[in-house]
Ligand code: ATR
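As structure tokens, one chain now follows by itself in the form predicted alone.
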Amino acid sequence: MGKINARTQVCGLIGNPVGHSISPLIHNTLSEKLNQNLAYVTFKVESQDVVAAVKGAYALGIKGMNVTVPHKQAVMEALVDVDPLAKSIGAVNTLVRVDGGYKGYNTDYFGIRRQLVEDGIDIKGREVIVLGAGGASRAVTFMCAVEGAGRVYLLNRSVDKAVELARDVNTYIGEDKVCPMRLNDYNKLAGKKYIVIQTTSRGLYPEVDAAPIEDEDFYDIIEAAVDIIFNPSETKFMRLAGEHGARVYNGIEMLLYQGVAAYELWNDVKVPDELCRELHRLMEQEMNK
């Protein structure tokens, strides 16, 4: 980040809570390594204040912002423009300053896509299981369908939410690729090997001893498992999948690459791969403190 002065540009994160975020580590390290006079800070914003916060940020000259829970949908009404993909996903996590306000993007989509590439997980033509149909699942499910998965099984406790998300994705791509299912119907998928992406909050503190599916037979059908949770670094879902022979990954790379995509949008730069790897190491060190 370097020395802050009168020419320092500001970017930030709005959400609630934000005190645990490691996004400042990502963006301030990028600014320092790329010799850009930019500082990244966090802003705790209450739900009723989202629109006012965005307008105030624009008035203050803030260059861009990330948006985290629970504001990724509500923030859309405060924007002057929304990227077509983000509009279809129905969630925004990155705001880029334009004339008159901010334009919204969803870099979670690019974060999970790049993580799969970096981890050698090729979803093209493959059958993918996505666990959960909440806000975090939207970008993941859209990405899988758009980027060429052969079939996406969307499992959720409330099948109505899965049906709604599947309809949105299938309408966007123009084919019935996403199949909504009840979470408890996972046994209907036995007999094959799947790529599984876990998007629920099961495994987060205080539910660190919980997994979205507890039946160990389910884990026999997993070839590669990605949990978008990154703290703890190994969830029960990951542990069970690993014990049954699957390759397992947490969500720290998704967090990194969605941040890199946002930084590139704000600054019109390309972040070198080596710097991404260095950031990954720094993030893991920070999480292990």
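The numbering used is simple: start at 1 and walk along the sequence shown. Bear in mind the structure is a predicted one, so any value in this text is a computation, not a measurement.
One more form of this protein exists, namely the form predicted in complex with the ligand; it is left out here, but the text below deals with it.
- Figure note: of the listed segments 81-89, 94-102, 153-161, 166-174, the one touching the ligand in the predicted complex, with heavy atoms no more than 4.5 Å away, is 153-161.
- The ligand is not shown here, and in the predicted complex it never comes within 4.5 Å of any heavy atom of I197.
- Taking the partner from elsewhere, R113 is found to have every heavy atom lying beyond 4.5 Å of the ligand in the predicted complex.
- Within this chain, V130 is remote from the site of the ligand in the predicted complex, having no heavy atom within 4.5 Å.
- In the predicted complex, the ligand stays beyond 4.5 Å of every heavy atom belonging to G148.
- Think of it this way: in the predicted complex, the ligand has a heavy atom of just one of M143, V75, A136, V178 within 4.5 Å, and the residue is A136.
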